[in-house]
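Next comes just one chain, in structure tokens: the form predicted alone.
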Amino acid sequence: MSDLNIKTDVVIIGAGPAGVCAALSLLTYSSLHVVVLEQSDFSQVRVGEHVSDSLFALLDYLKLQKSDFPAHCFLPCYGDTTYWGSDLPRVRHAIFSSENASVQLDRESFDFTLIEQLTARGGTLIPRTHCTVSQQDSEWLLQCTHPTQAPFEIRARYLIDASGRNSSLCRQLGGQSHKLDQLMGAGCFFSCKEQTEGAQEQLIESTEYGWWYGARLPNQQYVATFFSDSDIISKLRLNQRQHWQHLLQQSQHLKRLVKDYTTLSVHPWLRNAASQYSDASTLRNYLAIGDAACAFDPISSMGLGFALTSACHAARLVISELEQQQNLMQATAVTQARQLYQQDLHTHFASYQQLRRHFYQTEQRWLHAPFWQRRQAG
């Protein structure tokens, strides 16, 4: 790679599900050349995810079958028990979904299967790569560095930003980002001793400082995560195992559920879970997808489904735009399609904000507490 400078049609920054699915869509429905860049070495712990079973329709669009994934990748989950607004339990489905069934993912197996499909279909993936992005005339220029290779350049006709909610790429390029909160998750994995068959349920439990989420994962594991604002996470020192365990013991219900489980995490992991929306309508030949476009509160169970949906929609738009760039008569239609994509993101996020506000306002027991005060007004 030391003397290799790459010229491609589309470069995608981020090899999470959004970025890889955008690449798969481009490779499946066009002859465009696609390069995916990833900063990490894929060693980061992946948290299991609860998604609607409509996921399989999206995978079908990408020419992927359930059988393409390991057998343990999908665990049935038909609802959750919630202690929210009351000490009495309520059983419900994901609050933003009307589906009758859902699944808990083994995220590591899911993500790596997508990556295997990406390379099998002719896409190029370059991990452990950092880049500086600029636009020159009608091309994107990426100055890339790699820990074991000499610096190299990538020139691309189109840039898709799938770098996640932690990314500042949109702002660096002149777009805008609107952040709703400072939500974070602090979690640990457990090993379950007993063998459990059939449908699984999640547990959600609100407390004075935030709320707990617990769910069975494939491979006889369980995940417990506490969600609160970053300043509260820091004040409670939840990055330290003893403080995280102490807070867990203050819960009323989750502590009983995991009391016989063995903790697997040496230290709690921390994840950015803030809600935010990016506006990139002023940028040419650029689209943001997944969390880089709209990031949602995990209580919504919207993250992965939106990542895949936005990836597929963006890929169709990119195909249309690149194929029609030489046709001046269709340029207006392409511009309108881009504007509609951004408007749809804005409308989707505005609707989500209303649902988020309504849901948090149903909890009235700790109105004096900073976490809940901040959410009463939205």
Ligand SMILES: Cc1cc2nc3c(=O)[nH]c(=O)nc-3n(C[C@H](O)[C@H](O)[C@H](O)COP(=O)(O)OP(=O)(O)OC[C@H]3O[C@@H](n4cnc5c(N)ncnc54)[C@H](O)[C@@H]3O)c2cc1C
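Since the model is a prediction, treat every value here as computed from it, not as a measurement. Heads up: residue numbers just count along the shown sequence, starting at 1. Here, rigid core means the biggest group of C-alpha atoms that superpose within 1.5 Å across both forms.
The same protein has a further form, the form predicted together with this ligand, not shown here; the description that follows concerns it.
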**OP:** Quick one: find which of 150 to 158, 251 to 259, 233 to 241, 283 to 291 has residues within 4.5 Å of this ligand in the predicted complex by heavy atom distance.
**Re:** 283 to 291
Subject >> One residue of S301, S177, S109, Q117 in contact with this ligand, assessed in the predicted complex (non-hydrogen atom, 4.5 angstroms) >> reply: S301
**OP:** Answer with one of L26, A314, V51, L62: the residue that has a non-hydrogen atom within 4.5 Å of this ligand in the predicted complex.
**Re:** V51
Original post:
Do heavy atoms from each of A22, S102 and L345 fall within 4.5 Å of this ligand in the predicted complex?
Top reply: no
Original post:
Can T124 be called a contact residue for this ligand in the predicted complex at 4.5 Å between heavy atoms?
Top reply: no
Original post:
Would S40 show up as a contact with this ligand in the predicted complex if we use heavy atoms at 4.5 Å?
Top reply: yes
**OP:** Mark F227 yes when one of its heavy atoms lies within 4.5 Å of a heavy atom of this ligand in the predicted complex, and no otherwise.
**Re:** yes
Original post:
Is A15 one of the residues lying within 4.5 Å of this ligand in the predicted complex, judged by heavy atom distances?
Top reply: yes
**OP:** Could you run down 128 to 163 and flag each residue that has a heavy atom within 4.5 Å of this ligand in the predicted complex?
**Re:** T129, A162, S163
Subject >> Rigid-core frame, C-alpha of F152, shift of 2 angstroms or more between the shown form and the other one >> reply: no
Subject >> Y286 C-alpha shift between the shown form and the other one of 2 Å or more, rigid core reference >> reply: no
Subject >> Rigid core superposed: W269 CA moves 2 Å or more between the shown form and the other one >> reply: yes
